[in-house]
Ligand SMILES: Cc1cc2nc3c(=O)[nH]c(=O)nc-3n(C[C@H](O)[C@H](O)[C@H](O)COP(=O)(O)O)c2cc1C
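Presented as structure tokens, the chain that follows is alone, the form predicted on its own.
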Amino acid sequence: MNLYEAIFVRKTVRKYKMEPLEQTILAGIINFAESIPHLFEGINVEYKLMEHSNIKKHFSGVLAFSAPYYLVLYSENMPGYRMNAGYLMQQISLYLTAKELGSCYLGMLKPRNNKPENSNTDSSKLDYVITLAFGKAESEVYRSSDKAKRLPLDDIAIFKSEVSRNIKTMVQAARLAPSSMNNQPWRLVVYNNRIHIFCKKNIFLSGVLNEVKLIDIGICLAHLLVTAEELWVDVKTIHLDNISSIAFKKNDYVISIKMY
């Protein structure tokens, strides 16, 4: 199973067997994580692998369930760093799925120290972003895509022209992306060679993209771009000033994907 195939069977896992994984498996996860091309180049990130026995030493907040391992991502605080973090971490989640391991994002944890300890780089430049719990699942690690609790395609995507089967597949993959509280904030406007990605506005923070939603958009972009690579569709992410300058009532413009 590759990352693309994992998109259509992945599910969030919250019950784990509290047993260790082989060191070769753990090393493979870190090696894969560090090999992923970034969504935005020039943003330094660092991963920290933690076991359940020491997670409370480094984090406070609600730990809704127990897992044997936690992968923590720290990043430079630069434009686009939260989207980049979501983009990277979701590919790691897909990799774990392909290896028959379960995973789940933890959104309620707060680091006791926002900087990584024993960092390989200058930790003063890195901030905590997101944690992914993982391990062997207590039950089935896969589910069929028709069982995923997601909004209908018509609720998240508007097709402005007839598009190819490959682009339709990309949009279907985006629909299956996980998000915080399953809120699915992305809205896609699809043309024959472009997908414009918007984020649903927060009714309490009008016109502001909050931090978690930007991670969610990065997760969605991972599904879009992994699918494009699988289907041999050449793509490039671009930010269009002529769209970003428009005030939209319900959504904020984030980024576009151009197909070649």
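Note that this is a predicted model, so its numbers are computed, not measured. Numbers for residues come from their place in the sequence shown, where the first is 1.
Beyond the structure shown, there is the form predicted together with this ligand, which is absent from this document and is the topic of what follows.
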Do N182 and this ligand come within 4.5 Å of each other in the predicted bound form, heavy atoms counted?
yes
Is there a heavy atom of A222 lying 4.5 Å or less from a heavy atom of this ligand in the predicted bound form?
no
At the 4.5 Å heavy atom threshold, is I215 in contact with this ligand in the predicted bound form?
yes
Find out whether any non-hydrogen atom of Y74 is located within 4.5 angstroms of this ligand in the predicted bound form, and reply yes or no.
no
Exactly one residue in K136, K168, K115, R150 has a non-hydrogen atom within 4.5 Å of this ligand in the predicted bound form; which is it?
R150
Please tell me which of I130, I156, I92, A173 lies within 4.5 Å of this ligand in the predicted bound form, judged by heavy atoms.
I130
Residues within stretch 4 to 29 having a non-hydrogen atom within 4.5 Å of this ligand in the predicted bound form
R10, K11, T12, R14
